[in-house]
Each structure stands twice: as structure tokens, then as C-alpha cells.
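Quick setup: one chain, the form predicted on its own, written in C-alpha cells, and binding and motion questions come after.
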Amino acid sequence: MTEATKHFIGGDWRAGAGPTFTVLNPSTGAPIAEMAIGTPEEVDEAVRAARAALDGGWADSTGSERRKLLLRLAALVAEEAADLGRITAEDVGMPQVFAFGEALFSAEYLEYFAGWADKIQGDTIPVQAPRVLDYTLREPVGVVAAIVPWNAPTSLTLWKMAPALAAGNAIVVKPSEHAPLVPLRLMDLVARAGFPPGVVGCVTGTGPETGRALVEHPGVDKIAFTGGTETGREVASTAGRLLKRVSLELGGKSANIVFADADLDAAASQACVACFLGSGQQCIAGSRLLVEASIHDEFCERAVAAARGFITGDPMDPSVQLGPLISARQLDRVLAFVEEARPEATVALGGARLGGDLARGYFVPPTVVTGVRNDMPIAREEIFGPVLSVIPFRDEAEAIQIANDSPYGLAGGVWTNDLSRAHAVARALKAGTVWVNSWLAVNPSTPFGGYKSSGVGREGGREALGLYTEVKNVYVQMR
């Protein structure tokens, strides 16, 4: 019998008062934990503890104090990267070697925002009046509710915590019910780093129960949400009704465009990385591969050959690049998209559940589907699986038209050796991030977020601080 998880409230671990949710290892389908489903009362305790910490001095803490705490947390995350990687592999199915790298990247993210903590400043503003001093202050928003998904739990939790804490906010984290174990492990590190009790809290639970209670709580000033677009719309609707500040990092159906003059071997290899990393369970997956018609057939052969080199299997195996999908439900959903496309498109590789030693888990190998049109569901819906849809285009104008013909706008890619074309297409794409001759180059110092249905606001870089600060103008009439 697995033990029930606890909530982290006011610096203490609290046994859950409500029912539990069974967390499964997606590689085996076996239970690994019983997650406590936070009640509205427990959410209220966590929010009140956060507010008490703010009022008790955290909101007035110096940037230097916050910088030192964030640097301590960064060091602990790096020190515990192997353990965080192991937990991620068991809980999410991310290959352990990648999960280890994710933890190290997250430590760098904390270091970056630690550097901002003592550099958040306002401006002195000239006004059209004599003997007046007008200036601005940047102050913390207050209590932040951070709702994070399961697909990259270390980084996506710390992406919200780092700028929020650097700016002097308190934060309550609600992890996904499918992957609560890494965020809970991070709470241990928060306590070891020395953050005052209540500044960081964590209440586990499901969206309809715990998540809704947190979003609707009157003591929450700002909501930071990463997840599916439909749920994001509900969060935004609630935030609008209650006039809470909100940032949303949502889904994507990103287009990766390959022109005939590109380095085709590099483009084929990276197109597979763009789509298959994390078993395709990433919002920035390059799941639409747009290929210039003159090289279409040749390039498809290269892409299929590159995809065959990706090993799917036990995420604890250091040679594995693809682990399982998160759940049986997600497995069925991914395969349904492939089956629906078969009458009109060609499944050139993969497209079926793996059996044998992997039959107990939710494993789908790299899947390449050619002959796809942009109006097909496989090209329009966010599948969240290792499915690469290949779409031909005639020229630059059509490539841009196809890429932008999507409700999403999170990322895009351009593969070309024509510098003018690279800049022109990057400018024309309606996406928050455009990579040229690369993919997945994400840095702590760069803004990340999407156009259209892919979200609101930017995480990462200096822009993220705007999500977690209020601007106050002070007008002083001097005698």
C-alpha cells in the first residue's frame, strides 16, 4: 500500500483531510503514491499562511535577502538533480538523463532570477510642472497561485516560483494530479534553503476541486497557469470575473518550416528532436513539419530514418530517448488521431502501441505521418504525443500562410541558409518564439510565451518580472 502525500502549508507538512488520488507510474501502470486531494479549507489555510508571511515581513524583504535565498535554492536543486531526475522518470516517464538535465537547467533559472532580485527598480519621470518629483515603484503583486502541469514538473514549477519570489511575492503551488511528487520534493528544498514559513506553499489535488478553490480564493492576487488551452480559458474567465491578474502558458501546434536550401541532415535530425522530445508531450513540440515541395520526398526519407534512431523504452535506461505517455487515456487519444488520419494520409513510421516488455506501460514509438493537409485534425489539434505531421508547401508565401493558419501561436522554426528569408519568415510568423536553424533553444534570459490561443504573458527574462509586480506612481509636489 502506497503512502498518502502531504500538503506543505506554513512551512509544515500537513496530512490531507480529504480523499486521495492514485498516482501511477506510466512505464508500468503500477501505483506509486496516493496523492492527497486538497479541500477548500486546506487551500484557505495555504493562502492565509502566504498572506501572513507577506504581512509578516516578506513583502518588505530586501532584494539582497531574496537573492541569497534563491541562490541557496538553486544550489540545492543542482545538488539534488539526480534525485529529482529519478522522481521525474518514475512519476512522468521522462527519460532520467533528460530529467537530470531539466533539473540542472532549473537551477540556472533560479540563479538568473536571483540576479534580478536586487535590481528591480522604478523610474524617475519628467512631468510638465515645476518643483515636482514623479517616480515609480515596482511592488510585489501579493499572493500568487501557481498551477503547473505534469510534463516537466521541475522546470515548470520553478519557472513560476523564481520570478515571483525574486519580486517579493508569496506563492502557493498546485501540481498536476498526474505528477505531484517533484513539486513536493521541491518543497523540501525550499525549507532547507531557509525561506520563511508560508512564503512558499504546496497543496496537491485535482483541477475541479483544489485548482478551482485556489483560483477562486479571494486572498489570491494573481494566477499563473500552465496547461491545456480549454482549462486556460476557464481560468482566464474566472480571473476576469474576479478581476485577478493572470498569466497563461497554454498549448501549441507549432510549425517547423524546412526550405530546400537548408542543411537537410541537420533539419531532419532536429525536426525529430522538436517533435519527439518528451514523447511529444510538450507545448512547444514542432508537431507540424512543413517541407518545400521540391525536396519533400527526399526529406521525408531522411526524417523517417532519423526517427528510427530514437529509442523508446524504460526511462531509467540511459540509452532511451522516449519514455511512455502519461496515462492510458492519453495513449488512446494519441492513437485515435493517427487512425483518423489513415484514410487520407500515410503512416510512414510508428502509429501503434508498443508491446512485449513495454506492454504494461503507455508506450508509443516515434510516429511520422506524411501526406497531411493543414485542415485535418491531426494538423490542427494539439495531440501531445510523438506524432509528426508532414505538410508540403510550394513557396515562402504558402509556408507562412500554412504556419499561421492555426489557433495556436507558441513557437515556430525556420530552416534555411538564406539570411534574408530567415529574418523575413521569422517576422511573418505569428508565434511567441521563432527558432532559426535550431529548436528548443530556451534560456532563462529569454521571454517565452505565445500568441493567440497559446497564452497571455511571457515567462523568462526581464519580461517575467512584469507578471509579478505592480507599478505604483508617486507624485510629489515640492514647496
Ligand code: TXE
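Residue numbers run from 1 along the displayed sequence. Every value quoted in this text rests on a predicted model; they were computed, and no experiment measured them.
Only in words, not in the display: the form predicted together with this ligand, which the text now covers.
Screening 304-312, 393-401, 338-346, 212-220 for residues having heavy atoms within 4.5 Å of this ligand in the predicted complex returns a single hit, 212-220. When this ligand is considered in the predicted complex, residue 256 lies well away from it, no heavy atom lying within 4.5 Å. The closest non-hydrogen atom of residue 177 lies within 4.5 Å of this ligand in the predicted complex. Among heavy atoms of residue 228, some come within 4.5 Å of this ligand in the predicted complex. Not displayed here, this ligand is kept clear of residue 131 by more than 4.5 Å at the level of heavy atoms in the predicted complex.
Listed residues 208, 355, 194, 318 were compared with this ligand in the predicted complex; 208 is the one with a heavy atom within 4.5 Å.
Contact with this ligand in the predicted complex, defined as a heavy atom within 4.5 Å, holds for exactly one of 330, 96, 374, 157, namely 330. Residues from 145-165 that approach this ligand in the predicted complex with a non-hydrogen atom closer than or equal to 4.5 Å are 147, 148, 149, 150, 151, in the order they occur in the chain.
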